[in-house]
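One chain comes next, on its own, written out as structure tokens in the form predicted alone.
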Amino acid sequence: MNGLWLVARREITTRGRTKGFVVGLVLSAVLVGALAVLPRLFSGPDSFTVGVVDSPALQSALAGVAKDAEVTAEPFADEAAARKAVLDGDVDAAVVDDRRTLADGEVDRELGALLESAHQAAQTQKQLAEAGLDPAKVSAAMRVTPLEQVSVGADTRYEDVRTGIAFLLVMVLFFLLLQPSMYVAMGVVEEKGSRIVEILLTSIRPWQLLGGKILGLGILALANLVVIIVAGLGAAVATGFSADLPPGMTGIVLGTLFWFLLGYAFFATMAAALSSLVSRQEEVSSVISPLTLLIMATYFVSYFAAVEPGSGVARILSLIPPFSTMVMPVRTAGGGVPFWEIGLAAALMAVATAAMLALGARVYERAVLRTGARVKLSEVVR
């Protein structure tokens, strides 16, 4: 185990100190933090400016009905001045004598609803006063406790937020599974092509060299994922967006880490085994094309699962390795996944990962010292 950890530590110090890794780590944190902050910046209340001519009651009523919007009332001396302000774009609309609304074209739907509500409130107060009734007492008598809404089906309050989290997980897991696996493949070919692997294997065993490389790069990838999660949750707390997060976020975060570790072990081992068949960097992309296609297929299936997490295709593929490494956390973020499905998917993926580790280590051990022409996988297996 000492040899394995020595190789892992070498990968961590060598790759972790590069400018590309540090810059990528910072950019990941900034981008995820921005994704949590931008919705708050662009979802602020709508603001309107309304001209008022001889409508003091409406002006005061606007403040009472405008809860999710900012409405500023600007008084004008006469209709001509209000009309000019509307045409010049100084106000969004103008109300004249509590009878007419002036607008350049159609009134905005939200603004029109606000004006109508304010008009109704102002005229009701006026007519009650003219009838000799106390508006406060009438309002109290008409105040009725609203009906309590109880959902007997699935809770859809967090549906949009869950969908957003699912899409974010698809992108994050895709890049954090593909990029480190590529680094593993390039590292294997670099050591084989320069024949450094021959020197290293005089001191340590092949499985230690392979395991240390996968472990070291995996720790860096895991650190990147943790930074992304911390940055996203931190930005959500700072902006108040955390109040809109669905319940069970701890389970979603821990599940994402778990599935990432299984997926990384599977794909990185596959990348190392395939890349050990060649000796030149130019051949890496072609030899690991099956791995690339498999990750891309998993990505597209996960994208579909983010849109339709309850579909039959998503449920079936979330149980099948290695699709489950991305599809299951996406389904979990969408909510409503039975525990037995999560347990079955985890067990199947653990078995598949163990099988890939055994097969990949055997292929790597038999092919990594064979330099020159590309080695056939079928020959190595035999």
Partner chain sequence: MIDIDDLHKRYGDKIALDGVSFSVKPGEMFGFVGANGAGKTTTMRILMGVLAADSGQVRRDGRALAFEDRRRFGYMPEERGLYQKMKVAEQVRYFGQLNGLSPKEAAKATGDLLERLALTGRAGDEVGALSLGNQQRVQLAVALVHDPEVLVLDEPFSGLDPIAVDALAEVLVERRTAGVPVLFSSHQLDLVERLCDSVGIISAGRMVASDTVEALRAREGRRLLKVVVRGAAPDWTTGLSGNITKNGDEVLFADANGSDQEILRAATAAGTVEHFGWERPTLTEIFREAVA
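Numbering follows the first chain given and starts at 1. Here the structure is a predicted model, which means the values were calculated and not measured.
The same protein also has a form predicted in complex with its partner chain, omitted here; what follows describes it.
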Original post:
its partner chain isn't shown here, but in the predicted bound form, which of 218 to 226, 194 to 202, 102 to 110, 165 to 173 has heavy atoms within 4.5 Å of it?
Top reply: 194 to 202
Subject >> is_contact(residue 17, its partner chain) in the predicted bound form, heavy atom dist at most 4.5 Å >> reply: yes
Subject >> Partner proximity in the predicted bound form: residue 369 to its partner chain, non-hydrogen atom cutoff 4.5 Å >> reply: yes
Original post:
Hey, in the predicted bound form, does residue 9 get a heavy atom within 4.5 angstroms of its partner chain?
Top reply: yes
**OP:** Considering only heavy atoms, tell me if residue 79 and its partner chain come within 4.5 Å of each other in the predicted bound form.
**Re:** no
